[in-house]
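One chain comes next, on its own, written as structure tokens: the form predicted alone.
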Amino acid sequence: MDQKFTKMDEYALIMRHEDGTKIASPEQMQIWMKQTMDWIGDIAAKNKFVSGTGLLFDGAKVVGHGGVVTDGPFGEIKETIGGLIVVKADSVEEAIEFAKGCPVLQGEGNTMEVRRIAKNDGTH
């Protein structure tokens, strides 16, 4: 059997955007949340969704070299990681297609980072 079709990689789709609560009304936030749940539901319907979570902005900390702790990365940059989902995909191109459907991309300057997840098979 061709190994190409027996192994499916997992990819992290990382959402980079501003804190939506600072730029949108609660009603707009509800609309974006529904769109996000619909997007995830579409991926899950294809049996390609593995896991995911949102990441809260409040209380975020960054631990730097030497143990220096700061209040999040938000002082100098506008976008940060707002959440991620893990999907199964036959190729990076398929993972990219999933990422293109994320509602986060409605915001100007927002991005989706697609990263293949390392396997515990000695290749990393």
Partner chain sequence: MEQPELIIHLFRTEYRKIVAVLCKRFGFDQIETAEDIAADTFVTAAQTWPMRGIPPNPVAWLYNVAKNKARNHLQRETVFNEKVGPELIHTSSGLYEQDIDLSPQNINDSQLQMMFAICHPSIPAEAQIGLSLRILCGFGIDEIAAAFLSNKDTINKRLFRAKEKLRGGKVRIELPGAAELDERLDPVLRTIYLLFNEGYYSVSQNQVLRKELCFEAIRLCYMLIDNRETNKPTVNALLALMLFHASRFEARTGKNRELVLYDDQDTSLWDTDLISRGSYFFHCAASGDTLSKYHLEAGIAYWNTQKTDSIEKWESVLQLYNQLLAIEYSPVAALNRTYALSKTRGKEQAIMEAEQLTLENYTFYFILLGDLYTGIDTEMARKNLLKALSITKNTPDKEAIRRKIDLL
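Numbering follows the first chain given and starts at 1. Quantities reported herein were computed from a predicted structural model and do not represent experimental measurements.
Although it is not shown, the form predicted in complex with the partner chain is what the next lines describe.
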(request) Spell out, yes or no, whether the shortest heavy atom distance between residue 44 and the partner chain in the predicted complex is within 4.5 Å. (result) no
(request) Examine residue 85 and determine whether its closest non-hydrogen atom to the partner chain in the predicted complex is within 4.5 angstroms. (result) yes
(message) Please tell me whether any heavy atom belonging to residue 26 falls inside 4.5 Å of a heavy atom of the partner chain, as the geometry stands in the predicted complex.
(response) yes
(message) Please tell me whether any heavy atom belonging to residue 91 falls inside 4.5 Å of a heavy atom of the partner chain, as the geometry stands in the predicted complex.
(response) no
(request) Between 29 to 65 and the partner chain in the predicted complex, list the residues on our side with a heavy atom within 4.5 Å. (result) 29, 30, 32, 33, 34, 36, 37, 40, 52, 53, 54, 55, 56, 57, 58
